[in-house]
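Both blocks below hold the same protein chain, though in two forms, and each is given as structure tokens: structure 1 and structure 2.
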Structure 1
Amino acid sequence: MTGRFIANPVLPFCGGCGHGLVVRNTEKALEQLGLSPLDVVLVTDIGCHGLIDSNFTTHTVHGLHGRAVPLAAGIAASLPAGKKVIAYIGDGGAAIGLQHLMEAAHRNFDVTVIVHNNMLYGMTGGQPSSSTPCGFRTPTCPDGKEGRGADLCRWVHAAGAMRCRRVLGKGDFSEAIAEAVAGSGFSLLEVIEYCPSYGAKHNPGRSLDDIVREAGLALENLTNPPAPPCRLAPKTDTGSLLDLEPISREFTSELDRCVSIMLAGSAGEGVQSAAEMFARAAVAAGLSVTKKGTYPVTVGIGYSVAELMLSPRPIQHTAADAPDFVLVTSADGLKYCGPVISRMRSGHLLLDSSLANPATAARVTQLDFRKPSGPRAAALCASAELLRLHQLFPLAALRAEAGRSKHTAKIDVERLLADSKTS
């Protein structure tokens, strides 16, 4: 056997192994389809079938146990439609990479997967796989496998594969391979075969037909409605991430030291957006700024905390031993900041008037943050109060920034951020 697709006629398989038949039928199918070897990429998994690479004249890629399908999928998604990607896997590899099979079928990668189902892991000594039928004996289950064997064809068909077909590994089944390879999208061909070393010896007298029949595995050809195969599609709307609104240094600050601020409230109440406006305003006033956000993974409930640092000099380290200012607008924020507040030995705690006054050595001032414009403006209101009290930078800088922000569309910024409160 030498031809355009097989350079070396000596196959690396045991005598009587069904893998050889898969190779011969693959070659015949590729010839039938009139393909060139360089039109074909053969991706092989771990297992005896994976020893075949050097025989083929196609492109060959030999991967990891159970992972040939996503590797083949990545190749198929990158190549033009005229190239054909075939993945050889065993039933063991199918079991290890079952999720990959389902995902590849579901996404309809343009790959033909040929499962060499000899009903066991042959290369490692004959352990049962998920596809080993009930009662089938292997060296590690001499009394027969307990439990059902997987029906790969039906599973993968249910995931959306274009074509799933099961054949017996006997004689000429090149037409089945040709049909799978010729089609567009994901195909699975399951070839039921015997491992001469670990299967046939332990199941004397049982033919492949008997095994398939007793296992209830139909030799069927399942299809799904045609769908476009998954390929990498270049996008056109990839604008630069650096197209940001720049901050103009229109203000000045007399701040002469680095200060840290913790702004704490509830999720959905504009804490992070207020902190970003505050940070941008500080930059506009000539300060160096850092901002971190902290919130639970369930972002729509519970606390939302922003930590800010402001300095007239470039900031390096971004964590303070204790904040200089803590602004709390809600019970969620107070609960989160409680330990920090209790450790404060100095500094200033600005607390919404609705909240209980916590024990702390910091100076405490209670103010209305939530009442002036509602909970969604509470953090911005608290930020303004901080600037009114401590003049870290001009309130006008925050007013200008808030006036430009999309987050303040429903807020009377001029009133809320007036230099002095009107009520």
Structure 2
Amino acid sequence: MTGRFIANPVLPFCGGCGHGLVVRNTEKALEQLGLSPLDVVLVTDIGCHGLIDSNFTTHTVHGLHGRAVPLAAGIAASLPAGKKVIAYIGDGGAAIGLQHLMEAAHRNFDVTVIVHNNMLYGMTGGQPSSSTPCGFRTPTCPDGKEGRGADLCRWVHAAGAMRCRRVLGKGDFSEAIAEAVAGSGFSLLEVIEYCPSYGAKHNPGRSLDDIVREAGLALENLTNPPAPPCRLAPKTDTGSLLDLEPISREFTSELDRCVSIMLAGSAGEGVQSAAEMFARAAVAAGLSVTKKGTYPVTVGIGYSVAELMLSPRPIQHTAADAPDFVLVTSADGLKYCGPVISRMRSGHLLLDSSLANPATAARVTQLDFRKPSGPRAAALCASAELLRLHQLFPLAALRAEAGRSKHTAKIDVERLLADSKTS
């Protein structure tokens, strides 16, 4: 199987998996409709079905589990007429993203959603999903699921989808896919399949026809009165990331090796902003820089940590066994970095004077980061002290960057960075 829509004939599924039939029938349907691969966007998410991305020659987008539908809706909302957006999801993803499914159907986004309903979570060991029919056995439900499964077609139809159809994943059902894709507005096609690894093995002798009949799931084709698909006007007042103004090289650095820095403090105290200013200043000094932030989901409390790498050469990786420098401005930051600090066998720890000195083999210097201009300027203050002590790049570069940053509007940058805390 190779053609205009499938480049690799080797499909990434178990032998006998119904997902392969969905792919083959999708290809056949797209050929029937006379579409070009460049007119089609295939959106997938987590699950065995999502392994197919690289086989297709269409545009492909891969999302989080249960989030293929909102991604597809967003893409379809601003595409010109004639383009087709297809979302592949599993029955597990349909359950996880049920609100997205109902909302997309209700607003009538121009998307075709194909549900690979093999009646369980195949990628994680065969747990039952919301769509698992009553009595269907899985590895984690050996006596059969209790309670009836969700009727996705009826639910999505009730939400306002233009077309909802259920078919068995057997033989040629390309006509059903072609009908769904050709139509305007939201379509859902539910394909009932067997997972050969967990479904067939635990339900011997039961055919798909038996399962669907016993579950009371009709192979029906439901429609709603035609309605215009939802389209959104593209935003034109948002600049592209590709149009960001490049950072000009205004300074020079004598740094001759790659160094890693961990800047740790508390949420809401400007740690990430200080790291951003530091990174931009390093770039202005001609260095290659990487930066990544770490903080809890509750972004307003707890620790806030930024990790940076600086190098005179391009950086090919962002992992370091241990940081060369750790800057800690608060108890939250010290608690988070404690294990890292304890493993340091060299390097330099710059610690706010209010904090207890931790056990470490690294050189330790305690300074007043929080007192001069308050907690919100402590991370910037610590960054400046690092430059004074180690001359990674000129302090003037950080001063220039901090002077034009919106994050320092309430900070006297000149006074803060002019006063060395080591003197």
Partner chain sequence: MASHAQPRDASDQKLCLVDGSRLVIESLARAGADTFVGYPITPANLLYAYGFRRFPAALAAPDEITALQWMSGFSACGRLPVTATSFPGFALMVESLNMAHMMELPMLIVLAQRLGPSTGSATAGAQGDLQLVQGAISGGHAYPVLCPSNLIDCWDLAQLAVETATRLRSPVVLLTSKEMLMTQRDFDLASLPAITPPARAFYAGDEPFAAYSPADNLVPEFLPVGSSRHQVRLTASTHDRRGIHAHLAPEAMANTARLHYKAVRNLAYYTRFDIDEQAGADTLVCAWDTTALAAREAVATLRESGRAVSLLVPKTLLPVPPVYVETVSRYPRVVVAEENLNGQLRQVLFGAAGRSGVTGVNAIGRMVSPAEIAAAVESR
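Predicted model, so just to flag it, every value in this text is computed and none were measured. Just so we're on the same page, rigid core means the largest C-alpha set that superposes within 1.5 Å between forms. By convention here, residues take numbers in order along the sequence of structure 1, the first being 1.
Next item on the list: Give me a 1 or a 2 for the form predicted alone.
Entry: Answer 2, the form predicted alone.
Notebook entry, point to check: Just how large is the rotation of the smaller rigid part between structures 1 and 2, in degrees?
Noted result: From C-alpha superpositions, the smaller part turns by 66 degrees.
Next item on the list: Quote the shift of the Cα of residue 349 between structures 1 and 2 to one decimal place in Å, the two forms being superposed on the rigid core.
Entry: Spelling it out: core superposed, C-alpha of residue 349 shifted, distance 54.5 Å.
Margin query: So with the rigid core superposed, the C-alpha of residue 233 shifts by how many Å between structures 1 and 2?
Written below: Its C-alpha shift, to one decimal, is 3.0 Å.
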